[in-house]
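This text opens with one protein chain seen in two forms, each one given by itself as C-alpha cells under the names structure 1 and structure 2.
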Structure 1
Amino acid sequence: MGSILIVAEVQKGAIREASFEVATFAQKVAGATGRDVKSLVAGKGIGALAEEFAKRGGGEVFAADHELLEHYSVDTLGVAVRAAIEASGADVILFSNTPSGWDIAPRVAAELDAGFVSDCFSIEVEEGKIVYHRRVFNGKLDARLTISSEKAVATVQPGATAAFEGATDGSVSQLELSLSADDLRVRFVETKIAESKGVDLTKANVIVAGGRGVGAPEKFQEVLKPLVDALGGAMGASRPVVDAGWLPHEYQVGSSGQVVQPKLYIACGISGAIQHLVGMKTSNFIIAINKDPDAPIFEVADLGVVADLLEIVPALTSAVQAAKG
C-alpha cells in the first residue's frame, strides 16, 4: 500500500486552513485503507510551519525551503512536488482547490499519467475503495467518482470540511532541491490587491442580489432597484451579471468578489454555485427566489419561493412600501 501525500499551502507566513481541511480527509482515508499520511510543506523560511503541520495532521513532512518557493510558480513548486512524490512513494496526492492547487494539480496528474478529480467536497472509503464526491453542472448535480489508475490526484474544496483537530506523531525531513531562476518559465511579477471603488457591500444590512436569471441589465434597474430602495439596502450580483457588464465588479458577491454577511440576503435568479455561496451563506437570514425547485440556493436559504422573480419581486416591493405606510 502506498501513502497519501498532502501538498500543503503556505500563505502569509502560515499553513492555510484549507491544508488542515485536506488533512481531515487524508487522515480518514489513510485510517480506512492502511496508508500513511505524508506531506509537502514548501516555501521560504517554512521550518517552523513544517514542524507544526507534522504534529497537526501532516504526519511525515518533507520540508522544501527555498527562496524561489516564496511565490507560487508551477515550475518551482512542480520540482518540489515531484521530489516529494518520489520520496514518499505516494499513490494518492491531495491538493486544496485554491488558485495554486487548481493550477498545478492537473498538470502533476498528467505528468504521472494519473487519474485526476477536482474540487471534491468529500473523499470517503467505501468497501475499500476511495470514492470522490464533487459537484457538476455548476453545483446543480452531485457526482460520485472513482479512480482506477495506479496513482490518483485530487483537489479538495476549501471549507468543505472542518480542519483536522487531532494530533499526529509527525516528523520533518528536508527535501534538497536544486532550483534556479533560469528554470522559471512562469515568473511571478506581483500581487494586485482588490481595489475598492466605494461600494462596500460588507456594511449593508440588507442585500438584494440578482443573478443571470434576472435576464437583462435593465431589469436590475426596473425590478430589483425599487426593492433595494424600499428596504434601504444595497444591490448585489452573481458573477455572470458582472461578466456580461450588467453591473460593475464591485457588486459581485462570492469567492472572487465580496464576502458579505448582512442581516438579510435576498437572492433573485441565482442558482447557488459554491463560488457564490461562499460569499453569502453566513448571512443572518436568506430568502431565495428561483423558478427551479432544485436550485442549490435553496440548500442555504431560510425561506424559499419557487416562482418567476419578475412577478414576486414587484409584489414584494409594493408590500414593503405598504408596510412602511
Structure 2
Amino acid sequence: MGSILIVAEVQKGAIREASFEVATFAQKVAGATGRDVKSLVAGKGIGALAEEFAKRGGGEVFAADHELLEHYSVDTLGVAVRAAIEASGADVILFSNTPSGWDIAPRVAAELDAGFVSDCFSIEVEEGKIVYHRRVFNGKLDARLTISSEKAVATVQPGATAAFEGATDGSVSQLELSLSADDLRVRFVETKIAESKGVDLTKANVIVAGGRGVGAPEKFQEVLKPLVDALGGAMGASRPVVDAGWLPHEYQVGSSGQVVQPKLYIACGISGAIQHLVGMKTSNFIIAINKDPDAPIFEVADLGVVADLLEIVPALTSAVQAAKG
C-alpha cells in the first residue's frame, strides 16, 4: 500500500489555510486505510513552514527549498511534486482546489496516468475503498467516485471541512531537486494582486445571509447590517439577491459563489435552493428564519424560526447588543 501525499500551498510567506483543510481529509483517510500521510512544502526559505506543517497534520514533510520555487510556476513545482511522489511512494496525491491546484493537479495526473477528481467536498472510506464526493450539474447532484487506476490525484474544495487543529508527530527531510533556469519554459515576471472587494466569506466565523425574502435592497442595510455588526460577522446573500443587483457577487454564497463553513450561519428569508445549500450546509450551526414552514432551508437548519424576519432580526439584534452590554 502506498501513502497519501499532500501538496501544501505557500502564499505570502505562509501555508494557506486550505492546505490544513486537506490535511484533515488526509489524516481521516490514512486512519481508515493504514496509509501514511506525507507532504510536500515547496518554496524558498520554507524550513519553518515545513516544521509547522509536520506538526499540524502534514506527517513526513519533504521540504523543497530552492530559489526557483520562490514564485509559483507549473514547471518548477511540477519537478518538486514528481520528486516528492517518487520519494514518498504515494498513490493518493491531494491538492487544494485553488488556481494553482487547477493548473498543476491535472498535469500531474496526466503524467502519472492516474485517475483524477476535481473539487471534492468530501473524501470517505467505504468498505475499504476511497470514495471521492463532488457536486455535478451546478450543484444539483452529488457524485460518488472511486478510482480504479494505481494512483489517484484529487483537488479538495476550500472550506469543505475545518482545518486540521490537532498535533502530529511529523518529521521534515530535505528534498533534493535538479532545477535550472535554463530548463524552464517560462520565467516569473511579477504578481499582480487585484484590489480586494467585499469580504472573504470563507474566513468569517459568523455570517448573516439574506435572500429575496428580505424584501428590498435597502433592508440589507437597515435590518441585517445591525445584526452583522452586533455579532462581529459578515454579510452574505443568495444568488437571486445578487442577480437582482441588491448586493455584489462577492457576497454570494452557493455553488456559483463562495463555499463557507462558519461557526454560525443565519439565513434570513432564504428558501434554500440546492445551489445555496451546497455552499453553506456544512456550517457548524445554522439558524434559518423564514415565513414558509416548508422552506427547504429548514432541512439543514439546527434551529428554525417560522416568522417574519423583519420582526425577528431586529429583536435578535437588540438581544445580542444587550448581552454584550
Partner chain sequence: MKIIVCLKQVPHQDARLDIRSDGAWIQEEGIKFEINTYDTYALEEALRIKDAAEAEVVVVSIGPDRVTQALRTALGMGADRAIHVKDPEAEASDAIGLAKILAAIVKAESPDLVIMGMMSDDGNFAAIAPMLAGLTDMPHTTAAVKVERSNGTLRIDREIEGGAREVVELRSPCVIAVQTGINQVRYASLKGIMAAKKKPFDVKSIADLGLGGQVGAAAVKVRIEKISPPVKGERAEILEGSTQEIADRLVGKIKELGLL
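Each form is matched to the other, and the largest set of C-alpha atoms that superpose within 1.5 Å is called the rigid core. Each residue is numbered by where it sits in the sequence of structure 1, with counting from 1. Just so you know, these numbers come straight off a predicted model, no measurement behind them.
Comparing the two isolated copies of the chain, the second one is the form predicted on its own. When the rigid core is held fixed, the Cα atom of Ala14 travels less than 2 angstroms between structure 1 and structure 2. Relative to the superposed core, Ala105 undergoes a C-alpha shift smaller than 2 Å between structure 1 and structure 2. Core-superposed comparison between structure 1 and structure 2: the C-alpha position of Asp229 differs by no less than 2 Å. Taking the core as the reference frame, the CA atom of Phe188 shifts 2.8 angstrom between structure 1 and structure 2.
At Gly269, the distance the Cα travels between structure 1 and structure 2 is 14.9 Å after the core is superposed.
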